[in-house]
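Next up: a single chain in structure tokens, the form predicted alone.
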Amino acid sequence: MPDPTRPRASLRTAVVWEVLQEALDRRVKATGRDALDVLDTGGGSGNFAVPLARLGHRVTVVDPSPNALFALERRAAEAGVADRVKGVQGDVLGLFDVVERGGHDVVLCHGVLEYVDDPAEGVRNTVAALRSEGVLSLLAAGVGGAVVARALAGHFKEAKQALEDPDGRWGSGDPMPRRFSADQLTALVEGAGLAVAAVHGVRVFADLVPGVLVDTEPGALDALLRLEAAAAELPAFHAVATQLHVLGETPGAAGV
């Protein structure tokens, strides 16, 4: 669940959390187990892993950064869930050097595909880590959001460059190696053998609204959260979202 003491953080994660928690609830009901085995690839310091562990699930975080894993260990200890969170150093392309195949009910792949050399292989590995009935939560940067953001900042040439570039980059100074459209992400998920259960736009408006408005205007945060939730499922807004979230299910889990 989003941290209520960090309003901007809740804006960035609320849609994903809602979708993910519904998927977890379905898997708990289907398996009859209160605790699921969750794999968080690129999970860093535990923004998702620690709250999932607080819900009672067992979470393994795979991340290439030793510093992030150290922060994860400290964060899990402070939250009282150190016994349910394990961090291992590695990455999604070498995933099975550090975790087992087919051993997880849910796999998170959030903010990973933008940085790997072969996104298709990365998705295939996350799917191979799932049990026969499992769920993949995939979150990646959306190209449309970058185009809109550059245009609104007055960088029209960069906006056009991002729109036309195969990787969705606005120039050599762009810190993001790759961005995706909703069609590209769903194609990766389906190509790896999963059914696409849902696609959501994330941060459709949140990155465009002045922070001072959200922080000072009474009721603005709640109203913006409701607006984000309402727009998230509408395909028209996927094209301008900062991030895109795809929920994939194995054939055995689809429709559960």
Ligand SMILES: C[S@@+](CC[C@H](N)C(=O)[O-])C[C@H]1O[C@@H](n2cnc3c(N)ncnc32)[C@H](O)[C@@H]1O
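From a predicted model like this one, the values you see are computed outputs, not experimental measurements. Note that residue numbering follows the sequence shown and begins at 1.
The discussion below concerns the form predicted in complex with the named molecule, not included here.
query: So, in the model of the complex, is V81 in contact with the named molecule at a 4.5 angstroms heavy atom limit?
result: Because no heavy atom of V81 falls inside 4.5 Å of the named molecule in the model of the complex, the answer is no.
- prompt: Looking at the partner-bound form in the model of the complex, is E228 within 4.5 Å of the named molecule by any heavy atom?
  reply: Taking the distances in the model of the complex, the answer for E228 is no, it never comes within 4.5 Å of the named molecule.
- request: Answer yes if any heavy atom of G90 is within 4.5 Å of a heavy atom of the named molecule in the model of the complex; otherwise answer no.
  value: Yes - in the model of the complex, heavy atoms of G90 and the named molecule come within 4.5 Å of each other.
message: Would you classify T31 as touching the named molecule in the model of the complex, given a 4.5 Å non-hydrogen atom cut-off?
response: Answer no; every heavy atom of T31 is more than 4.5 Å from the named molecule in the model of the complex.
task: Choose from 158-166, 114-122, 182-190, 97-105 the stretch whose residues reach within 4.5 Å of the named molecule in the model of the complex, heavy atoms counted.
output: Among the candidates, contact is made by 114-122.
- request: Could you spot which one of R178, K86, H110, R150 gets a heavy atom to within 4.5 Å of the named molecule in the model of the complex?
  value: The residue in contact is H110.
- request: Let me know which residues along 42-59 have a heavy atom within 4.5 Å of the named molecule in the model of the complex, or say none if there are none.
  value: Result: G42, G43, G44, N47, F48.
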